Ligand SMILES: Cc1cc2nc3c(=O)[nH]c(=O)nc-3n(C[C@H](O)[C@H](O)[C@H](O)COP(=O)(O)OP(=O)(O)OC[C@H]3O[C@@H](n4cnc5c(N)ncnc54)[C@H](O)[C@@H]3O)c2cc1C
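Shown next as structure tokens: one chain only, the form predicted alone.
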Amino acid sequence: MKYDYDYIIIGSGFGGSVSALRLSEKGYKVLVVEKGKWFKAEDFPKTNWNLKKWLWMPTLRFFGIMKLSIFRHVAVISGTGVGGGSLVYANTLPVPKKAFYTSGSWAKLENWEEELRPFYVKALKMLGAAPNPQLFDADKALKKMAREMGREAHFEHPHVAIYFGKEGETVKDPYFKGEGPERIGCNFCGGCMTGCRYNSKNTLDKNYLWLAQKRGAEILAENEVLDVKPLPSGGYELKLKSSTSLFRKTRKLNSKGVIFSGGVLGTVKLLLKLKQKSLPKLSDKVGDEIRTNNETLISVSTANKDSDLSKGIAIGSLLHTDDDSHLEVVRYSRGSDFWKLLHLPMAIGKTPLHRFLNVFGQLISSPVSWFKTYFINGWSRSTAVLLFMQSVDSTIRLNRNLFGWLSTGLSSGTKPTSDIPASKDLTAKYSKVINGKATSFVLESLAGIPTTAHILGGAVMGKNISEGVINSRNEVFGYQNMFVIDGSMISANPGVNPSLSITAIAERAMTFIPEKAEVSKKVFLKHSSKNV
């Protein structure tokens, strides 16, 4: 049978982008299908008040780079657009600690720490990782807190996917021997998570996807996959439709292989749907073992008018607070104050009523200072967001209800919560250093539902179909030439930002796919003629 493509990749995030490049290099005809839009530097919003360009809410005709999904047990921030989460993430590329490789459903399949070591090195190089060279007010405050805690030796300048160079200076591609796009030195505006408007952030469209296109890969933006159906003669038929058009006609393409790379909320949602009809042999583990980094996101707003907490990169510093936890300081650029509308004073309590009374009590006890926090001081300029993460494990499950919507249920361990004592203690310490007040997302304050930008799992690795959805080579149990390569493959809690790990595992997975026969034949003939 003649296929439209050798491989169709569903999603253009870290896993999909790696797959697109490596398969194209091996001679395969590749199509990447992306639900979101193409973005150039000038397309990103100046601040997050421009909701149409920042948020992904198709019902309201908002086609931005960030999606907020709210469930019973967790609120999830994810990315959309060509380049996936790289457009909206905070650039950090940490290597997880040992516990990541020795826990979860994948633990006994391979010696993962040794297996992945060379691929972490490769991924760091491809993503242009470099240590943050400069600290600003919010970072200096964290360093001061570390000193007061006696943990200054555990304070770090993280490696980030940013071209620093000379601020504002345009240079020819500094990463791929001139084959990549021009870059501009970072100006430390803090706008990484609303989309870099200065061509300094090393998003996937500037490395993996850029090079993949040069090698023949096609990218089809503003389309989503509705169905993946096995063909009698082998391969798969995919049904697609526009994700942005009001009048959305469907189209069909066929491919010898399929790679699911739509992130947890894209891949798992689609797999749950397909298991009911088109792909019934999928493992019953689809949707199970969903993890976060057991994290909290708490904002601290300073009353010090001479501080500018918006200056810097999205995450410019981190502190390892103990063997299982660490704290990162996150920022938005000046003027990006939208989040204050969704924040309330940080509260604790066993019930929503207790929490509401706690919030209300704080507001009426010091109304003037809270008024300044919300309306005078400028939220992003005066606010640092504290991202606390742990490698402690707990899991939930994603289910598909009668309406086709996703819902969450408990899987194993304790349910995710924003009430983590260590996080509260660190927030209090940081608040004291900067003379600030702590707020958190409304669901955290009133219901104890944590917010995460690191939703993982749902199509985890296992030694067989009863223990996982995919094997250690990312191949889907029950189907040939089908893979899952994105955050849903992560089978343990990394305890750190997962983008680098997704990239490294994707790089490894691609080594098991051989070169296309035609390419191998051409190489053989070329060498044979030279020998003659």
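Quick caveat: nothing in here was measured; it's all calculated off a predicted structure. Heads up: residue numbers just count along the shown sequence, starting at 1.
Missing here is the form predicted in complex with the named molecule; even so, the following discussion is about that form.
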Are any of the heavy atoms in K53 no more than 4.5 Å from a heavy atom of the named molecule in the predicted bound form? no
Should L23 be classed as touching the named molecule in the predicted bound form when contacts are defined as heavy atoms within 4.5 Å? no
So in the predicted bound form, does G487 come within 4.5 Å of the named molecule, heavy atom to heavy atom? yes
In the predicted bound form, is there a heavy atom of the named molecule that lies within 4.5 Å of any heavy atom of I470, even though the partner is absent here? no
With the partner removed from view, which of 439-447, 254-262, 374-382, 398-406 is the stretch that lies within 4.5 Å of the named molecule in the predicted bound form, judged by heavy atom distances? 254-262
In the predicted bound form, the residue from L319, L426, M126, I315 with a non-hydrogen atom within 4.5 Å of the named molecule is I315
Which pick from L31, A492, V476, M66 sits with a heavy atom within 4.5 Å of the named molecule in the predicted bound form? M66
Using the arrangement in the predicted bound form, list in sequence order the residues of 1-26 with any heavy atom within 4.5 angstroms of the named molecule. I10, G11, S12, G13, F14, G15
